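First, one chain by itself in structure tokens, the form predicted alone.
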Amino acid sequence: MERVKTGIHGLDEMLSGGFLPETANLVEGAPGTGKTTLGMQFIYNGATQFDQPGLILTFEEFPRQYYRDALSFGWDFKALEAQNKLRVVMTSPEVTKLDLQRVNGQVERMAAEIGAQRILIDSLSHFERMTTDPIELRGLVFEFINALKRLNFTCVLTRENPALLGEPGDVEDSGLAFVVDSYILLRYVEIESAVHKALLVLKLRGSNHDKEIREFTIGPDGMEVKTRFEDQEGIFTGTPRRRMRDAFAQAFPGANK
């Protein structure tokens, strides 16, 4: 099946090759976990590796912040804009919602101008200021996502989760998981007094996917997804612990001989 590759080491493997075309893909996590980095890397790799120009619509940062953050990974967003492979636009949910309802609105014109196939929305959390009703919020986001799909975008949408280390009941409290096609959760994990970062693909509609919890890092070249947490369980509960069999083997190294 055709895939839209993220180009992120280890993530495409978890996604069985990448996102499905023209889908909405939610990336959720606490502040600083790497949601925006994942989205920027998806856009940058699309423009530079796969000949798929992209748009970034930000509801919270000025474009110059993205230029600066991207350069820290060696990604020259200004050069991509000059080559008509990227557009970075600061707007608001209210303005973008109305724009997508128009024929030949700004987003549609920019997409046509550069042939954009990918889009990053950073972040969906700002839709929550439009309504306090979770059912109405779900309807607003559903309408917004469908408008992006009508323009043939493959979308990465970020959303902030206030939970830092896995408080119970913090995963998906708004029903948004039901209106997106894939759902990736990023989480801080404390193991033996050190903080690690974990990634889990909770959902990938229409496709199989890796269901393991994997560690990831953010280095000079961006995000890299590594191996699963081999000897830990309870990673996303906030209280990770050694697996019983591993703890037993460590306590009684000769028991199974």
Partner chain sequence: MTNQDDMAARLMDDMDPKLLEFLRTKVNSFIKWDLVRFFHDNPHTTDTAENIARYAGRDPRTIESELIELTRSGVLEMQQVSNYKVYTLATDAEMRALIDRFILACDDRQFRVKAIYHVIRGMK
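Residue numbers count along the first chain shown, from 1. The structure presented is a predicted model; accordingly, all values stated were derived computationally and were not measured.
There is another form of this protein, the form predicted together with its partner chain, and it is not shown here; the text below is about that form.
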> Heavy atoms within 4.5 Å of its partner chain in the predicted complex: does V88 have any?
Replying inline: yes
> Heavy atoms within 4.5 Å of its partner chain in the predicted complex: does M110 have any?
Replying inline: yes
>> Taking any heavy atom pair closer than or equal to 4.5 Å as contact, tell me whether R129 reaches its partner chain in the predicted complex.
In response: yes
>> Whether E94 contacts its partner chain in the predicted complex should be assessed with a 4.5 Å heavy atom distance threshold; does it?
In response: yes
> Where, among 148-156, 96-104, 134-142, 178-186, do residues come within 4.5 Å of its partner chain in the predicted complex by heavy atom distance?
Replying inline: 96-104
> Given that its partner chain is left out here, which of R64, K211, K226, R205 has a heavy atom within 4.5 Å of it in the predicted complex?
Replying inline: R64
